[in-house]
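Presented below, as structure tokens, is a lone chain in the form predicted alone.
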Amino acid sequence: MTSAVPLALHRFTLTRLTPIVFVLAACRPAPPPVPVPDPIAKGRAIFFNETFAGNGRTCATCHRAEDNFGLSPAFIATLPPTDPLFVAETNPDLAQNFENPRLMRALGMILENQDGFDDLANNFNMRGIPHLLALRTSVASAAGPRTGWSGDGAPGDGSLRAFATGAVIQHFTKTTNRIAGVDFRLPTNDELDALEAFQLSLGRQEDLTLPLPLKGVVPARGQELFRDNTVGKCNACHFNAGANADPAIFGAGAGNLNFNTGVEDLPDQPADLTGELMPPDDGFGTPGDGTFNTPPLVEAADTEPFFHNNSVMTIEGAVGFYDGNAFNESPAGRLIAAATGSGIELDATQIEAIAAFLRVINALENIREALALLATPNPARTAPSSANVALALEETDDAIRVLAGAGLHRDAVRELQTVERYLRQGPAGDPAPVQAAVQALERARADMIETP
């Protein structure tokens, strides 16, 4: 009496409800996809924060975002004594043969053992710190990657990934023994991939296309001289003011080339005048062939000092170098003379005109970068983050300094000073001053170049 009815009801319930259960299961939303890590964001975090179990330095210790991802003597002078850059002054195990604090502080020079660690007291060179901007446009060559000043310090294939490994071994170590697993840990493949992605994202992603419709008469003349293979001849090695060789002269696909330009033969170099030990720098390879790779010029005017040994402090001096004996008697100078019919002979007004052109294209790049930073919103707000605003301020300050340093485009400088005032006012994330700053940036750009 009590079992038959419940059993029938039970069977009925299963029969009638099971399809409903299946339907409900089919309607259940799929689980959200597992987020794929952004390699650039991951690389950024590693670049700024990862010490690789070493002496406290990170990649950003020597490549400061606020200093165009390089490191100048002026910026070094602003750092506190506790900054990891000065670890040779605070860590007794690194007091000898790791850095030269005098040359670092005075001239922004870093000790490199690119030919090996077998004789630390004598087998080294002192080099400046190259910026990391526009790497995507400046690393590739037909002969393989060109990283750093000439590929030195990059073990293995010389790639940007390998360069990061070399940097950890050279600069992050706790002692000069440089034992992996004791003095530091080596980056993993995933970390190297992320660091490469982040570094390739910095700065310009493509070269300019010259000529540009510049408005200033002196910079415009400088552009003509720069591109003229009978006068300035700059475009031969810095095609479109980048880091790659002119394909019409060096062949299609030549890319970034190494040259011996005679910089090592310059007299009265500041580092030599200090009396500190400065072994000759033999450039690429072990032993070296005396060559160094070609840097991009769009970013040159605000990334002084110049050349691998920080031997020249102004952009005018850097241009003037190519009018001197050290260059014209060098292997690169003779190569240019053979390719174009003569060496480089420039008068003072022509040197200043070419430098003015380089100053203007640098300032235009500063403005482009500032606009990009201000167009990147904070995820929680409609305005850019305070970090982006701070970097946009740095770019604006660089543009002012570069233009005002040669008295160029005074109206643009006034607009850029207005940008600084707007970006310094109001709470972080306030879109009103940011929009006013953007408009002033666009007016400054319009003063320098014809815009659509």
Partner chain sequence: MIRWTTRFALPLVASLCLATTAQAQQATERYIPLGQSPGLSSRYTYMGQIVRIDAAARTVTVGNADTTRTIALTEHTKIWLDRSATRQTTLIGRLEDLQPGQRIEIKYEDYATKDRAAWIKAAVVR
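Numbering follows the first chain given and starts at 1. Since the structure is predicted, the reported quantities are computational estimates derived from the model, not experimental observations.
Just so you know, the form predicted in complex with the partner chain exists too; it's not on screen, but the next bit is about it.
Of the heavy atoms in Phe117, some are within 4.5 Å of the partner chain in the predicted bound form. Residue contact with the partner chain in the predicted bound form: Phe284 places a heavy atom within 4.5 Å of it. Contact between Gly324 and the partner chain in the predicted bound form is not found at the 4.5 Å heavy atom cutoff.
Of the heavy atoms in Pro270, none are within 4.5 Å of the partner chain in the predicted bound form. Exactly one listed residue, out of Ile169, Ile110, Leu364, Leu71, brings a non-hydrogen atom to within 4.5 Å of the partner chain in the predicted bound form: Ile169. Exactly one listed residue, out of Thr291, Thr303, Asn310, Asn244, brings a non-hydrogen atom to within 4.5 Å of the partner chain in the predicted bound form: Thr291. For the marked spot (Asp157, Val182 and Ala236), a heavy atom within 4.5 Å of the partner chain in the predicted bound form is present in each of the three residues. Stretch 250-258 is the answer when you ask which of 250-258, 74-82, 217-225, 354-362 has residues with heavy atoms within 4.5 Å of the partner chain in the predicted bound form. If you take 436-452 and check each residue for a heavy atom within 4.5 Å of the partner chain in the predicted bound form, you get nothing at all. Relative to the shown form, the Cα atoms of Gly153 and Asn177 move apart by 3 Å or more in the predicted bound form.
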